[in-house]
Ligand SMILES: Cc1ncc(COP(=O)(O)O)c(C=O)c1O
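Just one chain follows, in the form predicted on its own, and it is written as structure tokens.
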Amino acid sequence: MSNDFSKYINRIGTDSVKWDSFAERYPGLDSKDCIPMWVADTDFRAPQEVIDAIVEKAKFGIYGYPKSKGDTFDKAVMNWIYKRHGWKLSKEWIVATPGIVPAINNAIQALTQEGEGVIIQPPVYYPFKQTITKNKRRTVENLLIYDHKSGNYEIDFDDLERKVKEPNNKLLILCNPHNPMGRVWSETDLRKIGELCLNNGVLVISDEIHSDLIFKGYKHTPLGMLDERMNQNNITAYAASKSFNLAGLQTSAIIIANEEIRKKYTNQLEINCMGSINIFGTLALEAAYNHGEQYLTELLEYVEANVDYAIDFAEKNLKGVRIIKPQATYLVWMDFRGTGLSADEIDGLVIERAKIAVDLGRWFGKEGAGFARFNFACPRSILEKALGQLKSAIDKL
């Protein structure tokens, strides 16, 4: 393995949200000295090709306004998506934005009106709901069904059909792969979603930011490549930020095949003054997509080994705790309800007793109470320390 993901890199004092700014996330809980395993960035250096591209640009010394994107950006995105997922994009479909959450925010503003409904599928990435609420739209919840026996979450299609048929519901935000539990939706599921939305005038925003992080035995399918009709009713969001640890460079590629929707979307970008992106971001994305395949292969091997290690450890040492094995992503959804503790007690157990900063399950919706999302994209030594602290805290109950 040419990339050493086992090496510990001290990020304390580097202006890292993950390591330097988590205390305020837990009001009423003592999070001092916690191991940060919450926000979705990795503790690994980016590929050397990305570093070299940024350094070379930095040496130039002039950092004026950059053009939004160019042919090299479009080509990198098109080649990467085709190579990874088999979806052939057109250059005209690609819109560059400063991040996926801002992109979703822009879409809500451009394509819905105040008071209209936006469907999400909790437990789900909590900025979705925050963005809907802040824009004075209604949050409509199509709750996922948790099968405790299999450990999988499934889509409640009967409920989804009822929700998309409501005439005031205009948008569905799909998370594929799903965050927080790492579910890779099947082609069958995606076709059902696409048809329901298409037949009822509900536009789909498909957040596919974790689509590169697919574990062995699973395959990511972009919703937009399934059917041209669905592609015309779909906005797909990609970024290199999760796969290559580039979140701070705030650059994403949004795919919009429908020309009318794309015009509304780009007009809203202009209204929000979001036409310019980070001068280093496009370079980093291009370098990652053009040269990062080996890095990603090794990253996935390392992270999946971390997941397998943690599952084995939990089965042997963490009484009442179940790790739901993800099919994708380095984010791991852990069920603590078997401990017999209340949701508040579980939060205190993880934060105050085990001293691990995680994303609390209730952040993802009330259905997440009793769960927690852990980030396993870290050196094994950090994971071992965290799990050891969690064992000690549980043993003392």
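Heads up: residue numbers just count along the shown sequence, starting at 1. For clarity, every value in this text was computed on a predicted model and none was experimentally measured.
Form predicted in complex with the ligand: not shown, discussed below.
Student: Within 4.5 Å of the ligand in the model of the complex, heavy atoms considered, which of Ile351, Ala328, Ala40, Leu360?
Tutor: Selected residue: Ala40.
Student: Using a 4.5 Å cut on heavy atoms, which of Ala76, Ile209, Ala107, Leu283 is close to the ligand in the model of the complex?
Tutor: After the contact test, the surviving option is Ile209.
Student: The ligand isn't shown here, but in the model of the complex, which of 259 to 267, 198 to 206, 211 to 219, 173 to 181 has heavy atoms within 4.5 Å of it?
Tutor: Residues of 173 to 181 come within 4.5 Å of the partner.
Student: Quick one: is Tyr125 in contact with the ligand in the model of the complex, heavy atoms, 4.5 Å cut-off?
Tutor: So Tyr125 counts as contacting the ligand.
Student: Is there a heavy atom of Arg137 lying 4.5 Å or less from a heavy atom of the ligand in the model of the complex?
Tutor: It does not: once the ligand is placed as it appears in the model of the complex, Arg137 has no heavy atom within 4.5 Å of it.
Student: Is Val101 close enough to touch the ligand in the model of the complex, meaning at least one heavy atom pair within 4.5 Å?
Tutor: Because a heavy atom of Val101 falls inside 4.5 Å of the ligand in the model of the complex, the answer is yes.
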